[in-house]
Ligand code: ADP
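This document starts with one chain, in the form predicted alone, laid out as structure tokens.
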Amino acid sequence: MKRAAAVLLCLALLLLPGCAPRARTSTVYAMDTVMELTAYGDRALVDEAVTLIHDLEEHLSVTAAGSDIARVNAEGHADVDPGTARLISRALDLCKLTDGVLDITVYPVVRAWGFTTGKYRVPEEAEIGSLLEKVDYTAVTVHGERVTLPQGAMLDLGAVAKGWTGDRIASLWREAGLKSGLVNLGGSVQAIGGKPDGGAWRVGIRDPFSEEVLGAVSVRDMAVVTSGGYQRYFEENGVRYCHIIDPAAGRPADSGLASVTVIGPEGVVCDGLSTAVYVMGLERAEKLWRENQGFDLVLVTDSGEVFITDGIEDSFTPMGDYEDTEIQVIRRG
């Protein structure tokens, strides 16, 4: 499988220049991606955040033996860490919000395509059909710390785990009094406050057709999360298959969108919605946005058109090859 290179300049979201001196930084590889943490404060806060990342990975990984998710999947039920239970409940809310376009029980299908095992293949339609019978987020129950699945169902929190992790780090740092920080979790960026000089953070969004930046959005206390088929995929017989699975079809999404960026105050929401919107396509994405508050979108179509929602009209700046491109604004009216 081809991946974005394990350096920040090749990730879906780029941190643009302008960092002030005296930053406390750390780079860590976790959750199958390179992560960079920058805090303008006590070095210990960065170290605590790194510890938190590894702790969350131990609980949330779908492939690590002994994780909360692995135990639930193996037994069909398990008592999990309270944080894991909260995340599953939050993810189920997002599944409902998207009418199941995001479905955290799609793991049997994802595994059949090889995206978590590395054994990439195109399953037969009969196999996909059989696996889809086990995909149904509405059948998952969470009572306190007890999570229960129906027979044959399996969870995968990959669509929300990095956003949730960003939220947890942001909470940790804010509670400690940190006023300025930035967390890049491999395509999931969380801004704490603004830059030390008082300005907004400028988070770049990668062009899905190159390794350049198509634009930047200025944010304070916001998450910026991008999903796209260019990030992880494999090819077979000249056909590219991306890792984002449409739970209705059991196949990689083919919605006409090349990338989706979601901007909002909650990383977990932005993370889950970025996956769902990529599957939905432009028309359904517009409908979802108009019917809900609290997030904005940058959508790039397969043909290179760029759409943004009106909440970021004044904070989004096209760059590079897109400076002369017409940016189409989606409005609620």
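In this text, residue numbers run from 1 along the sequence as written. Model, not experiment: these values are computed from the prediction.
The protein also exists as the form predicted together with the named molecule; that form is not presented, and the subsequent description refers to it.
Of the heavy atoms in Pro247, some are within 4.5 Å of the named molecule in the predicted bound form. For the chain shown alone, Asn73 is not a contact residue for the named molecule in the predicted bound form, no non-hydrogen atom being within 4.5 angstroms. Although the partner is absent here, Gln231 is a contact residue: one of its heavy atoms lies within 4.5 angstroms of the named molecule in the predicted bound form. Remark: Leu214 does not count among the residues lining the named molecule in the predicted bound form, judged by a heavy atom distance of 4.5 Å or less. Residue Leu102 is the only one of Leu102, Ile192, Leu257, Ile205 with a heavy atom lying within 4.5 Å of the named molecule in the predicted bound form. Val106 is the sole member of Val183, Val106, Val224, Leu87 with a non-hydrogen atom lying within 4.5 angstroms of the named molecule in the predicted bound form. Within 4.5 Å of the named molecule in the predicted bound form, a heavy atom is found for every one of Gly158, His243 and Thr275. Looking at 164 to 172, 197 to 205, 150 to 158, 120 to 128, the stretch with residues near the named molecule in the predicted bound form, meaning non-hydrogen atoms within 4.5 angstroms, turns out to be 150 to 158.
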